[in-house]
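Quick setup: the C-alpha cells below cover two forms of a single protein chain, split into structure 1 and structure 2.
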Structure 1
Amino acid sequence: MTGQRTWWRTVLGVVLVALMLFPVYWMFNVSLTRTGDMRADPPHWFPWNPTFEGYAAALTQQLPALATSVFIGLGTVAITLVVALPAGYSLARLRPRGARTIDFTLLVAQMIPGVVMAMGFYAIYIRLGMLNSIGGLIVADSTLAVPFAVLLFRSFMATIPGELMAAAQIDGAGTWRTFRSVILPLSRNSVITVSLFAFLWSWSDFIFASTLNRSSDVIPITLGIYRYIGNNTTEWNSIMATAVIASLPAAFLLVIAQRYIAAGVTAGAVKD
C-alpha cells in the first residue's frame, strides 16, 4: 500500500513540475526557432531546425542592460548587508527599547505594495534629482530586501548560544568585536541567503525600473526586455533569447547556493 501511494504521488509531482516548467521550455524552444517557422501550424514542439540568430542579436543589443542589472544587484546586496546585519544583531542580542515595535514595523513594511513604494520614491527622487539614476534604483531595490534581511538575521542570531558572547566578552571583546569575530562567521548561511534573495529581487525588478528610470539610456535587463518587445514584435526568437539569457544568472545562483538557502531560511525556526 505504501509503495502504491509513493508511486502515484511521484507521478503527480512529475506532472505538476512539468506543467510549471513548460513555459520555461517553450521560451527556450522559441528562442531557437527561425522567424519563418513562428506561425507554423501545428507549432514546432521541438527546435528541429534551430537557429542561434536570436542569441546573437540579444547578446549584441542587451549586454549593456545585463551589466547594469549585475551592478544594481551587487549594489543592492551591499546596502542590504551593511544595514541589515547590524540591525539584526542589535534586535537579537542587544535588545534595544522598542524592539517589538521595530519587528512589527518591518513586517508591515513587507506588505506595502511595490506600486505604492514606487510612487513615493518618484515624488522624493524628483526633489532630490535622483530620477533616471543607477544609485536611485539601488536604494529603491534595497527597501524590498532590508526588512526581510533584518528579520532573518534577527531570528538566526537569537539562536546563537549566549555562552559564546560571554566568552568573547571575558576575553576583552567589545560589542563590535564580538559581532565581527563571533557572530558574523556563524551567520554565513544567513548572509548567503539574504545576499541571494536581495540580488534576485533587484534582478527581477520591473516596477521601480519602469517608474524611476524611464528616460535613461542606462537601463536594467527587465526594462531592456520590455523595450525590446516594443521595438521587435516580429523577432520573437530574439525576445525569447534575451529572456533565456536573463534567466541564467538567477538559475545558476540558485543551484550553487541551494544548500545554504535551505539552512539560512530555516535558521532560527526552532530553539533548543
Structure 2
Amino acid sequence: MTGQRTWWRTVLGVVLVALMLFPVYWMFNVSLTRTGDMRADPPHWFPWNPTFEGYAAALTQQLPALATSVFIGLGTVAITLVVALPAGYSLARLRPRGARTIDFTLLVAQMIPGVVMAMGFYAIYIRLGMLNSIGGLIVADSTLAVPFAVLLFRSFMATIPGELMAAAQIDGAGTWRTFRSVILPLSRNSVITVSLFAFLWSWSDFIFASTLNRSSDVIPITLGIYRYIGNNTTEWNSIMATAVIASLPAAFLLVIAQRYIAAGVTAGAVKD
C-alpha cells in the first residue's frame, strides 16, 4: 500500500479532522471575538479584530476557581495512587483469594451513574458537614479514577518480568521492599498515565462539582464556567476564553504526555 500514491488519504484525513475539530476552533474563534461582533449575522468565521478582553475577564474572575481545580486535581491524584498502587501490585503479583470478586466489583463500580454517586455523597456529606469542602470533592472525584487505576496498574505490573522480583527476594528484600524498590520504579509510565487521567477527570468533573460544592467560597472551574453561562449570556467571549483556558490541561496531555498514554494503553496488550 505504501508504495502507491496515498496523498488523497492525507487530504481526506485533514478534511475529516477539520470537521471533527470545528467546534474546538469555534470556541477559540468566539473567545477572541469582540462583544459587539458576537451577535453579527452572519457570524464572523475568523477573528478579524481579535480582542483579548475575554481572556482578561476570564483571568480576573476565574483565577480562584482555576486554583481550586488544580488543588482538587492534585488531591485526587494522591488518593488514587495511594489506594490503587498497592492494590494493583497485590492483584497482579500476590494472587489473593477473592481477586475475582474485586475485579467484578471494580467493573460494577464503573456502571454506577454519577448522579447516584452524587446523591449518596450528598446524603453522607450533609450529615458530616463536608458539603462545600475541597476535601469532600477530592474524595468524590477520586471515585472516577480509582477503578480504572487499579485495573491499569494490575495489567501493567503483570508484565514486569518475575525474574526481577525473584532476584530482589534472593537479595533479601521483603514484599514491601520489593514493591517500593523494584515495582514502583518500573511502573513509572503507568503511574504517570494514571496521574494524568485522574487529574484530567477531576479537572473536568461537573456532576460532583455541581452537587457537592455549591457555595461560592470554593468552586472548581467547571462550576465557574457553568455559572458564567447562567449569569452572562451576553459575554460569550469571556465564557469561551474560560473554556479555552480550562481545556489547556487536555491539550497538555495530548501533546506532552502522548507517549505515556500510549505506553499505558499498550501495557495491557503486552504478554509475558
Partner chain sequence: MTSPRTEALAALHGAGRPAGGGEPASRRGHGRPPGAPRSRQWTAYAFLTPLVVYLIVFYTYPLYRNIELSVHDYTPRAFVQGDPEFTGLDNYLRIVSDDAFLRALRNTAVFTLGSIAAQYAIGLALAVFFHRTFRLSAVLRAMFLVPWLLPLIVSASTWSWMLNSDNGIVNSALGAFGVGQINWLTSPDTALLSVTIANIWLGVPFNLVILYAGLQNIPASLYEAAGLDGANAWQRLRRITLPLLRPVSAITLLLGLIYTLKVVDIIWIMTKGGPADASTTLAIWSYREAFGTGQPDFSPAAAVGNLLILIAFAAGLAHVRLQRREEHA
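Please note that residue numbering is based on structure 1, beginning with 1 at the start of its sequence. In this text, rigid core is short for the largest set of C-alphas that superpose within 1.5 Å between two forms. This structure is a prediction, so every number in the text was calculated from the model and none was measured.
Two forms of the same chain are shown on their own. Structure 1 is the form predicted on its own. For V24, the Cα coordinates differ by under 2 angstroms between the two structures after the core has been superposed.
Once the core is aligned between the two structures, the alpha carbon position of L12 differs by 3.6 Å; this is the C-alpha shift at that site.
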